[in-house]
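Just one chain follows, in the form predicted alone, and it is written as structure tokens.
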């Protein structure tokens, strides 16, 4: 079953009286239960595509030029995990007060924290964001996303500010949540990170999807020079 479908989509931003197209045309379906990795360098249009999935593009001064997005689930059943958890958290309020803005149900808050391995034995709801480590802040933002009980989560470069050990921890956590029935769209510039967990990969360049397939298909039989460049840029350990 398709949760979301984009047909001949073209997206742009309006700035200083001009309209600049940054995505499109794009055709893409998000299937129930998949873990889709969207790969590409900065400026490829990955985040813009994610904003449109969540119906956030208009709040970013974006505009739909052509095509359509068909959402078969309500936007309220989708969640967003941003690149920088500090940007998503208010430094002036405790983490408990910020979670209570999403729900007043204490049991639901405790359950969400347990799902990201931050039980109240490890974290106090009276803490402030700056008192947490980077990894804990990222887990907190994931817990807040889970409070919406989403069917679909769009995670936009959520590991870019973490070291490699914490990156692996977060990816393992995403896979665990995915195994609980949540569909993921994971946006990243890191091909190796996405290929390790994704069930499908979409390679983007200049606002267009160049390749779409399983990690094995994309890695073993790349169709474009750009994809081959991404593959060749993945570091390989020598013994």
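Numbering follows the first chain given and starts at 1. Keep in mind the model is a prediction, meaning the values are calculated, not measured.
In what follows, reference is made to the form predicted in complex with adenosine-5'-diphosphate, a form of this protein that is not presented.
The stretch among 63 to 71, 47 to 55, 28 to 36, 195 to 203 whose residues place heavy atoms within 4.5 Å of adenosine-5'-diphosphate in the model of the complex is 47 to 55. For the chain shown alone, residue 43 is a contact residue for adenosine-5'-diphosphate in the model of the complex, at least one non-hydrogen atom being within 4.5 angstroms. In the model of the complex, adenosine-5'-diphosphate stays beyond 4.5 Å of every heavy atom belonging to residue 226.
With a 4.5 Å cutoff on heavy atoms, residue 9 does not count as touching adenosine-5'-diphosphate in the model of the complex; it lies far away. Interface membership of residue 219, defined by any non-hydrogen atom within 4.5 Å of adenosine-5'-diphosphate in the model of the complex, is ruled out.
For the stretch 16 to 32, the set of residues having any non-hydrogen atom within 4.5 angstroms of adenosine-5'-diphosphate in the model of the complex comprises only 22.
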